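Okay, so here's just one chain, in structure tokens, the form predicted on its own.
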Amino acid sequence: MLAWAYALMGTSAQAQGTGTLRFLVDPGNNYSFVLDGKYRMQEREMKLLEGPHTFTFWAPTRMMVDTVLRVLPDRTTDVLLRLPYSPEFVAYQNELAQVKKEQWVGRVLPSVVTLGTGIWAAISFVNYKDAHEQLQADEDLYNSSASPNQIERLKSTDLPAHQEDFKQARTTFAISGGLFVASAAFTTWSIIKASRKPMPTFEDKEKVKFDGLVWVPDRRGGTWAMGLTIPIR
């Protein structure tokens, strides 16, 4: 890095002083910048000739920020900079949140309804079974009883009341069972539909702009590099 910096300064370094820029950038670990429209770099601190230098900062999902920084001789200057999120990333995040919300609605709510109708159907079945057993017990007692008073009470009061309870329990069980089957079928369809909904993809257009055609320094001197972003789903 020092060798490259001195090569950048060239012979004018003897006539000009140098200073240091220390970058404190949000995000702090994966940003890049282009220096003076030529050199693409990833540094947290660098020494440059005194005077103004142009910088273009960028990080994944963030917007490019162009700025001019003045290097002061024999001084270290802290550069505080926050890169805003790009409009494309904000739109992607909103679309992703909407899709996840729709998936939640398509999966969770029908499942809750199915669970509720299933519990209702189970309770209705228990009530139907109890009512049937009670009616069967009344009929057995009516056929086996030798007491005229008991037979009369069963005939006039108990049997009609328990027959009505049995009819209501049977109707409730039929309704709740039908609703459970229908809601289970709808839940299955809704979950399949939600799982097949395509997820949004993010295309970092700012990266395409930033990659451009820039000089990337390396140990052998440097290379010209062209960047291309291809979304992978």
Partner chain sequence: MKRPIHLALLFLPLLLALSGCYKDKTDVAAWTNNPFDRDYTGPSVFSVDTTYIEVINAPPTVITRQVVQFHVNSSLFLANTAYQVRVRDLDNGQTTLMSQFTPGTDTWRFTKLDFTIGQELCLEVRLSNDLSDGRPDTICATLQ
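Note that this is a predicted model, so its numbers are computed, not measured. Positions refer to the first chain, counted from 1. Throughout, rigid core stands for the largest set of C-alpha atoms superposing within 1.5 Å between the two forms.
Beyond what is shown, the protein has a form predicted together with the partner chain; the following relates to that form.
S.K.: The partner chain isn't shown here, but in the predicted complex which of 113, 83, 71, 159 has a heavy atom within 4.5 Å of it?
M.R.: Comparing distances to the partner chain in the predicted complex, the residue within 4.5 Å is 159.
S.K.: Looking at 95, 139, 102, 78, which is the one with a non-hydrogen atom within 4.5 Å of the partner chain in the predicted complex?
M.R.: Among 95, 139, 102, 78, a heavy atom within 4.5 Å of the partner chain in the predicted complex occurs only for 139.
S.K.: Find out whether any non-hydrogen atom of residue 151 is located within 4.5 angstroms of the partner chain in the predicted complex, and reply yes or no.
M.R.: It does: once the partner chain is placed as it appears in the predicted complex, residue 151 has a heavy atom within 4.5 Å of it.
S.K.: Can you tell me whether residue 173 touches the partner chain? I mean in the predicted complex, with a 4.5 angstroms heavy atom cut-off.
M.R.: Yes, residue 173 sits close enough to the partner chain in the predicted complex that at least one of its heavy atoms falls within 4.5 Å.
S.K.: Just checking whether residue 39 would be counted as a contact of the partner chain in the predicted complex - the rule being heavy atoms within 4.5 angstroms.
M.R.: Contact with the partner chain, no.
S.K.: Decide whether residue 30 counts as a contact residue for the partner chain in the predicted complex under a heavy atom distance cut-off of 4.5 Å.
M.R.: No.
S.K.: For the interface check, one of 204-212, 162-170, 53-61, 22-30 should have non-hydrogen atoms within 4.5 Å of the partner chain in the predicted complex; which one?
M.R.: Looking at the partner contacts, the answer comes out as 162-170.
S.K.: From first to last in sequence, which residues of 112-143 have any non-hydrogen atom within 4.5 angstroms of the partner chain in the predicted complex?
M.R.: 125, 128, 129, 132, 135, 138, 139, 142, 143 sit within 4.5 Å of the partner.
S.K.: Determine whether the C-alpha of residue 142 shifts by 2 Å or more between the shown form and the other one once the rigid core is superposed.
M.R.: Indeed, residue 142 is displaced by 2 Å or more.
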